[in-house]
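Take a look at this single chain in structure tokens; it is the form predicted on its own.
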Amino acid sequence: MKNLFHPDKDDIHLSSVLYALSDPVRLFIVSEIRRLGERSCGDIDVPVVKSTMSHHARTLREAGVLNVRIQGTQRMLTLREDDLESRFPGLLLSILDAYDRNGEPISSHTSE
């Protein structure tokens, strides 16, 4: 089984987190996981093809925003809220609260 890279908490960088959350599709993914809890990639309704969804999940994982665990053929996504809160207090909550209040709908033209 392939081991996926997840940065240690102390190796999560602000610039990487902000970059990962700067994409509307990735921000939507994170918002959905925060709202609904752990999800598989296929359970999140985004208007992108499977390979693009995988790219977004990888970007969020490598930035330290998500934890991805393999369960059979699925990749289960969870938010690393505690690690992010420890590194950057209030950042994730502020971003997601602003997104939830003013979130722009994602379109099929976004990030493909």
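The first residue of the sequence shown is number 1, and the count goes up from there. Just so it is clear, the model here is predicted, and its values are computed rather than measured.
From this point on, the text means the form predicted together with a further copy of the same chain, which you will not see here.
Chemist: Out of the stretches listed (64-72, 82-90, 31-39, 48-56), which one is close to a further copy of the same chain in the predicted bound form, meaning heavy atoms within 4.5 Å?
Modeler: Partner-contacting stretch among the options: 82-90.
Chemist: At the 4.5 Å heavy atom threshold, is Leu77 in contact with a further copy of the same chain in the predicted bound form?
Modeler: Because no heavy atom of Leu77 falls inside 4.5 Å of a further copy of the same chain in the predicted bound form, the answer is no.
Chemist: Could you tell me if Leu27 has a non-hydrogen atom within 4.5 Å of a further copy of the same chain in the predicted bound form?
Modeler: The answer is yes: Leu27 has a heavy atom within 4.5 Å of a further copy of the same chain.
Chemist: Is any part of 16-46 within 4.5 angstroms of a further copy of the same chain in the predicted bound form by a non-hydrogen atom, and which residues would that be?
Modeler: The stretch 16-46, when checked against a further copy of the same chain in the predicted bound form, contributes Ser16, Leu18, Tyr19, Leu21, Ser22, Pro24, Leu27 at the 4.5 Å heavy-atom cut-off.
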